[in-house]
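Listed next as structure tokens is one chain, alone, in the form predicted alone.
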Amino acid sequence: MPIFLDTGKIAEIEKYMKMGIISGVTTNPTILLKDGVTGGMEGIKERSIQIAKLIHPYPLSVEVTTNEKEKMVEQAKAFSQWSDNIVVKITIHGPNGEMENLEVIHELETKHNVRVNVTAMMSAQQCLIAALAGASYVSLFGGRVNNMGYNCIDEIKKTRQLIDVLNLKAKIIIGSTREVLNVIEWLVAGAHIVTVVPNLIEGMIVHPYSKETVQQFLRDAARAEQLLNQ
């Protein structure tokens, strides 16, 4: 299924899991802090294990909190032990363009059997490089790409074509979703997965004309019942 939920809230995840419409969850330190996680790494670990258990066997992406090469490897290996459906998020490069992250991605995938979601990417070129390094998932930030003045659909199409032609294992996740329209557009363009916040899923489901129609059905049904009871 093509929709991941971008949240750290248990109640939100339970709600959409019961509907059967999500097949994974993505988080990062910013999301977890915003959603009330406290207690530092122990708090992140506790909430992550909760979510992983709730959505199992679907994947949960948890992000490392450092950009030091050895510590990224150490953290990623530790995170992957929390549950067998944990995927570790690593950014495509460091805060100043450091490229050791690609070594980390390759090492984790090929030597430690840790699935990696490479994140913070803005172009097909970056996604291709991450996929070549062995990433299980490549995350393109669609909304941010659009905010830079060009359409991320072009980047999605190029990325999907390259992954298919080169027979790479990576799945394309599109994040930074800003509008309900983005979800369908990006999936049609070739994304395997779009990750969305809960209010966007609600926007996909609830349509004003559908509400009007349901209300009309119920009014007519009530009138029909009254007539039968006369």
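Heads up: residue numbers just count along the shown sequence, starting at 1. Predicted model only: the values in this text are computed from it and were never measured.
FYI, the form predicted together with a small molecule isn't displayed, but the following is about it.
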Report the stretch among 161 to 169, 64 to 72, 36 to 44, 175 to 183 that approaches the small molecule in the predicted complex to within 4.5 Å, counting heavy atoms only. 175 to 183
Which of 204, 54, 187, 31 has a heavy atom within 4.5 Å of the small molecule in the predicted complex? 31
89, 141 and 195: each with a heavy atom within 4.5 Å of the small molecule in the predicted complex? yes
